[in-house]
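In the block that follows, a single chain appears as structure tokens, in the form predicted on its own.
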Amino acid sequence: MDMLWNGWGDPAKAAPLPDSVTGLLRDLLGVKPRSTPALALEDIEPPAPTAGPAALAALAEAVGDAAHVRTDPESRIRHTRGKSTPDLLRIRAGDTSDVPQAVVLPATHEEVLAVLRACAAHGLAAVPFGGGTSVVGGLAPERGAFVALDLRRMNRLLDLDTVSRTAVLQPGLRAPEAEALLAEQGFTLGHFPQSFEWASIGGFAAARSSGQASAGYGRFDEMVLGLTLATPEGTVETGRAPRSAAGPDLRQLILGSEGAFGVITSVTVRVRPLPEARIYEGWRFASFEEGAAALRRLAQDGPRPTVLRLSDETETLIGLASPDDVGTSLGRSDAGCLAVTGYEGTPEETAHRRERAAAVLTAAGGTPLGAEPGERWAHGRFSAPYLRDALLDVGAFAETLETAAFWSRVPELYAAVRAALTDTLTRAGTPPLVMCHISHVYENGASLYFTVVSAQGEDPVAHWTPAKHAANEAVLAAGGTISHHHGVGTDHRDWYVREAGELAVEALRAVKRRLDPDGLLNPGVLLPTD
């Protein structure tokens, strides 16, 4: 099943906004219904492919069958850009300026290498495509003619070592299928980002994904023990032991490289036994500052829950902490800030950690709310992208951005990004709601995940761009990283260059020149084109 071409996920799971939320958007933000009807897929006509018969024949030979090279309009439209709000607004308006020439579906590492050779021979760029869930411009290269390298046929569990507790997964395997295959053998990866239902294993590695249970299982890059990379110059293999002192860790060149250095064709990951028990519960804190201090105590001194997150006052009041229940807290004066904790493991382990964590949270000013808020969050934790689509449908603008910093910088970062978004959008005549939560914690710092809702303005993409740039500037000025888990893409690239520094970027350019001398792989993503 394919994801919606002009939205997120399964159309059967989409739902209209509650009347209370629609009224709030109208009264508070001045949101107006759309004035133009939505386009249907068949209404959009992308330009005809310019890749000639020889190029298409070479691609078909590379993957063994012309059926695995698709040039029909629907396939190409479905592989146009990712799922950021600007991406969706542009495709909903019929903008196919970034449409691929063809969609190519290899099934093996050798076929990926052959596709890259064919692209090099015919001057085509190549963009690896997993679940298509990028929200940072990671699927819109800065080069005219390109093919989308769809990895969906590379969707197998290649090996499971139950003694070492490792698994080798192909990159096109979607996260739910990966979990199902591992669960059959009694294991889990434990990686559950908001994009879980549609994202792929290769995409997790390419973007340094972080899941909602990262406090317990770690980020995806911490789970990766080895990678195989197909490049125009050949194959790179990394990871033959759990740890090594044999030179720099080359996995780190591939993790987070977003398809700019090569195509990930297999990932060796750490797996863990399926938990026997899962418990989620809610806590109330009077302020975001108080709640953040409580999370820091658990992150630094333990016991650390498997899931640990905190919504600020606005996100809690609106109900976005549990997207299925948006609007349920409106009018309350005691909403405070909702924290969600989760515990996984054996019944004895979860009960013990929960009891100890509860003592810490209580001492830090938290009020226990019982299991119901935590279970509501767990039930709706993949619903926010559907809510974003519903907001777009009624004429609202909704987008997210995220960052991270050391604990001492978190308050300044939180205030700076909120101010940048609020000031920029208010000056544009579309005052926003700006909400935030801490979604990932570490001993030394935490991530901040912002959600912004406003009226769309006359030109929604142009309306958002200055606010996004102002937020990026605020992130760097306040000591944050330009991305904690969404990646760089093209949206963050110029700020990533400043964050990394000129010498470091030139070193990465040298790597790209060696692995991809013709600049075929995702040009303009991660690094500026030469």
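The model shown is predicted, which means the values in this text are computed figures rather than measured ones. Residue numbers here begin at 1 and follow the sequence given.
Beyond what is shown, the protein has a form predicted together with a further copy of the same chain; the following relates to that form.
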4.5 Å heavy atom contact with a further copy of the same chain in the model of the complex for all of Val236, Ala405 and Gly487
yes
Only one of 205-213, 190-198, 390-398, 280-288 sits within 4.5 Å of a further copy of the same chain in the model of the complex by heavy atom distance, namely 205-213
Checked Gly336, Gly131, Gly342, Gly445 for heavy atoms within 4.5 Å of a further copy of the same chain in the model of the complex; positive is Gly445
The listed residue (Gln185, Thr314, Thr422, Gln300) that reaches within 4.5 Å of a further copy of the same chain in the model of the complex by any heavy atom is Gln300
With a 4.5 Å heavy atom cut-off, would you call Thr465 a contact of a further copy of the same chain in the model of the complex?
no
inquiry  = Quick check on Arg296: any heavy atom within 4.5 Å of a further copy of the same chain in the model of the complex?
reply    = yes
Hey, in the model of the complex, is Ser244 touching a further copy of the same chain, heavy atoms inside 4.5 Å?
yes
- Check whether Gly64 has any heavy atom within 4.5 Å of a heavy atom of a further copy of the same chain in the model of the complex, and answer yes or no. no
Restricting to 489-520, the residues within 4.5 Å of a further copy of the same chain in the model of the complex through any heavy atom are Tyr496, Glu499, Ala500, Leu503, Ala504, Glu506, Ala507, Leu508, Ala510, Val511, Arg514, Leu515
